[in-house]
Ligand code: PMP
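Just the one chain here, laid out as structure tokens, in the form predicted alone.
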Amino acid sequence: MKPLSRTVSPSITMSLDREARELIASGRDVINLTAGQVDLPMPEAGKAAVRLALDENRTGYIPATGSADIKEAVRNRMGWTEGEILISAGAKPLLSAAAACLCGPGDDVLLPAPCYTSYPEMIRLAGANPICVFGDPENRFTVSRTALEQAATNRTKAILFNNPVNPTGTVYAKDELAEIVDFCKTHDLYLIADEVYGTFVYDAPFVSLYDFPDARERLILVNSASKSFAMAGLRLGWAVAPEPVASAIAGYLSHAVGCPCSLSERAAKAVLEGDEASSLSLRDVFRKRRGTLFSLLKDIPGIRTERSDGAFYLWADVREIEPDDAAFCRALLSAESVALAPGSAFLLPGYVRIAYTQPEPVLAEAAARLKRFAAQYGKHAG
């Protein structure tokens, strides 16, 4: 039996982002729209909290699942009245820990797709099998109850669910979430949920799975400071889970991760205890970017995209230009110095993910380059 490490692939999006950064460092004028990273500064309250923590020499170990005061700040800000709070070094360790503690060899985990590139690998690292359930392209790539029922077996242990969805920007409506919750109850499944883009919903109020009280006994809900507070590099995430599950995750984290960063914890506590102005301001900026980029892309021949409901991505079908999405991205980077993430990284070839994580003038320039490339590459391919 070969070690699990030989079956796990590295993150494609992170490798593409690294390649784009290296080209930029070499002096090339690359527009990098690969990584899902907010490009605006973190709130001043968070910066001040880090400075104060350094002045007070708060650089030692803290509890493995976070200090009591930040757990209280998370509970109050998120409105999580039930369940235990867990803090760790970003959302990824919490999601990985949940998969490892709830699933094992022989278990299946249902995975709505297209999906974030790390989800299948998290499930494999737990020794379980990711069972991809593909969303309906005619309905915003949402996964229906019928599709989930067809994929479920007596080996199914959990569903790993993301809303708003990376990479498509889809936001599930309340009635669609209710179907997911009822499906999990019917089949007695755990519901591992990633809601890190919850503050980036543009056209309607966001509905969290925590808003369904009958889901909470089986819900492991993860969020973080990375997107909502522009603190991706500080690596601080939080989760809520029922006590027995939270206890298992806490034990796992104590061995696999250790404690969160003490400085990041102080920064996150400060912004969580502040008002919502900073998050709302970020949302307004990205809503405007979404409109600008979509208006520039929607009429480019050979590229089909829809305006996303949430997150900060546009999901574009490029099969008319080049069925091989990775080849499309390589050619675009070579010809026009624009870096995008191929859809195959998210388990759906033929598409690309475009992150609107640059100022509007840069997005406009990227769209102009993409339009030029689509025209020229189509002629070349023909």
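Residue numbers here begin at 1 and follow the sequence given. Because the structure is predicted, anything quoted here is derived from the model rather than measured.
Form predicted in complex with the ligand: not shown, discussed below.
In summary, among the residues S96, S264, S308, S226, the only one with a non-hydrogen atom within 4.5 Å of the ligand in the predicted complex is S226.
K92 is the sole member of R140, R287, R124, K92 with a non-hydrogen atom within 4.5 Å of the ligand in the predicted complex. Residue contact with the ligand in the predicted complex: K71 places no heavy atom within 4.5 Å of it. Taking the partner from elsewhere, T168 is found to have every heavy atom lying beyond 4.5 Å of the ligand in the predicted complex. When contacts are judged by a 4.5 Å heavy atom cut-off, I180 does not count as touching the ligand in the predicted complex. Looking at R75, you'd find every heavy atom of it more than 4.5 angstroms from the ligand in the predicted complex. Although the ligand is omitted here, in the predicted complex none of K298, S337 and F373 has a heavy atom within 4.5 Å of it. The stretch that touches the ligand in the predicted complex, counting heavy atoms within 4.5 Å, is 115-123, out of 267-275, 290-298, 115-123, 204-212. Looking at 133-162, the one residue that comes within 4.5 Å of the ligand in the predicted complex, counting any heavy atom, is N162.
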